[in-house]
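The chain below stands alone and is given in structure tokens; this is the form predicted alone.
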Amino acid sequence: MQGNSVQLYEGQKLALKYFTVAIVLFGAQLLFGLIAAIQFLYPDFLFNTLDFSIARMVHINALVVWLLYAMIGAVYWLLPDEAGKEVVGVKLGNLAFYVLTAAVAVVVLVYLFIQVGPGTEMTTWLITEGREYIEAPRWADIGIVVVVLIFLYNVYATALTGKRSGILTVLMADLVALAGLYLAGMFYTDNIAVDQYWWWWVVHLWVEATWEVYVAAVGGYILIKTLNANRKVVEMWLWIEVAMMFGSGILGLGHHYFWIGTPEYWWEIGALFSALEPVPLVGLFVHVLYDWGKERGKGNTIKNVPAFAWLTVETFGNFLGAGVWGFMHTLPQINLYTHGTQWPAAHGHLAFFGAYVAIMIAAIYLAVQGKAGLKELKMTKAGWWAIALITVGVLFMTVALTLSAYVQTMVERGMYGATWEGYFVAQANQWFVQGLGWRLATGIMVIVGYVFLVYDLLTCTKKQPVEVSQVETAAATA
């Protein structure tokens, strides 16, 4: 990230380090996703060198880890700004960053060069715990807990001794829940059903509740910075989001309650409330945009066009991916047939991109502007190519996966009754294969968009219009 030298809080400099690693890991996620997409069509590709199970594992874990890096970075960026003071314990925060980054590098190298081991305690401690999405070995698990405790200390110690905004108050409560839920995934038992039970709480309450509240808080902060949004309006919607979490987040979990002995009415409750999860964020965005529109032409310009554009993608991508695609897939009458097909992949790709990826890129653009000390940040051509290729690529990828999933569901589940024969017949169906082919093509489109994104993050501050530089020069000399 390039730009003019400006005075930043030490906490914000730490945020830039987190953002830099996050962008690198984002590239790793896309690369290993591309490898897995190729292996779906050509199973011999990298066979016995980098098997599909490893490529998929690195793809998914890189997604989770780079989002956590970006989330921590976004908090370190807004924390001193909201609290009006330097982050407490920033040296400890820097130490935690380097320890975490070294640990992530070691874990990835083990995944690539050792890959698997015998089903013993040593494998659990040194290679992988085998829990989907959070497959880090036990030693890394403990290290992550230590790093998160340092992060929580810095957030609380700073917020409690500085100005306490509504955004910080919501974040303080949410981050405790987000960090605490990770502990549930560290219970290891020999009973796979019990083990999966604890793992399940981590994954689902993370994304269905705590991450949704987190993005609402960060999204509100970005709206204040980009559109000069009324803080009272932002914080009102934040508290609505917190209230909704108990309905849309926790009750929404009911759509996962298959075959665990709960009454069937939980399925409908879960399906309805999980579809409501994106509603508060859409309400916040539309309310702020309406207010901004009334003030347009009175000097209230968009202060960071790339960040606002990515936030727009986040708002409606979240609505489509988590809301519409989630509702289509998680209705119990449908999920009975679609569970374990490409439907969850279609829903998951758009939901994660819409709800979390886009807003983290918006937060990074905010940091790029702050680092360069620009009053405004306009969109460059590379920035437009990045957002267009990545967004359209993910949308088309979702449609392609949905088409494959439709064929898979009809043939494997509907015609053959979920038998092994049905599984293989569906896998060979030409429409299924063509859908995966389009998924590969759109994956390449997303990677090209990623290249534009990295280039834009490195150069966009140098390509700003003259009038923006003049505004900054005037401000600097005033």
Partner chain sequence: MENKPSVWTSNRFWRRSATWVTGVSAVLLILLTVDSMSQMQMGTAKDIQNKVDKRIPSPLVINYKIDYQLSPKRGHEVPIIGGMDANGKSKYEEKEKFFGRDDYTEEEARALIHKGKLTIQAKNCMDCHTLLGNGAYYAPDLTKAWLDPAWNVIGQGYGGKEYAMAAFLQNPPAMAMHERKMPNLGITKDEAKAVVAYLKFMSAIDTNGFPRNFGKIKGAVNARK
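Whichever C-alpha set is largest while still superposing within 1.5 Å between the two forms counts as the rigid core. Numbering follows the first chain given and starts at 1. Keep in mind that this is a model prediction, so the values were computed, not measured.
Keep in mind the form predicted in complex with the partner chain is missing from the figure; the text below concerns it.
Q434 falls outside the set of residues with a heavy atom inside 4.5 Å of the partner chain in the predicted bound form. Contact check for K375: no non-hydrogen atom falls within 4.5 Å of the partner chain in the predicted bound form.
Residue contact with the partner chain in the predicted bound form: A103 places no heavy atom within 4.5 Å of it. The partner chain in the predicted bound form comes within 4.5 Å of no heavy atom belonging to T161. Only one of D291, E268, D195, D81 comes within 4.5 Å of the partner chain in the predicted bound form through a heavy atom, and that residue is D195. Checked against the partner chain in the predicted bound form, the residues V242, L92, M186, V176 give one hit for a heavy atom within 4.5 Å, which is V242. The candidate site formed by G261, H339 and P344 is fully in contact with the partner chain in the predicted bound form, as each residue has a non-hydrogen atom within 4.5 angstroms of it. Of the candidate stretches 25-33, 417-425, 66-74, 443-451, only 417-425 has residues with heavy atoms within 4.5 Å of the partner chain in the predicted bound form.
Residues of 214-235 that come within 4.5 Å of the partner chain in the predicted bound form, judged by any heavy atom, are K232, E235 in sequence order. Once the cores line up, the CA of L149 ends up less than 2 angstroms apart between this form and the one not shown. After superposition on the rigid core, the Cα of A193 moves by 2 Å or more between this form and the one not shown. With the core held fixed, the Cα of Y290 is displaced between this form and the one not shown by 2 Å or more.
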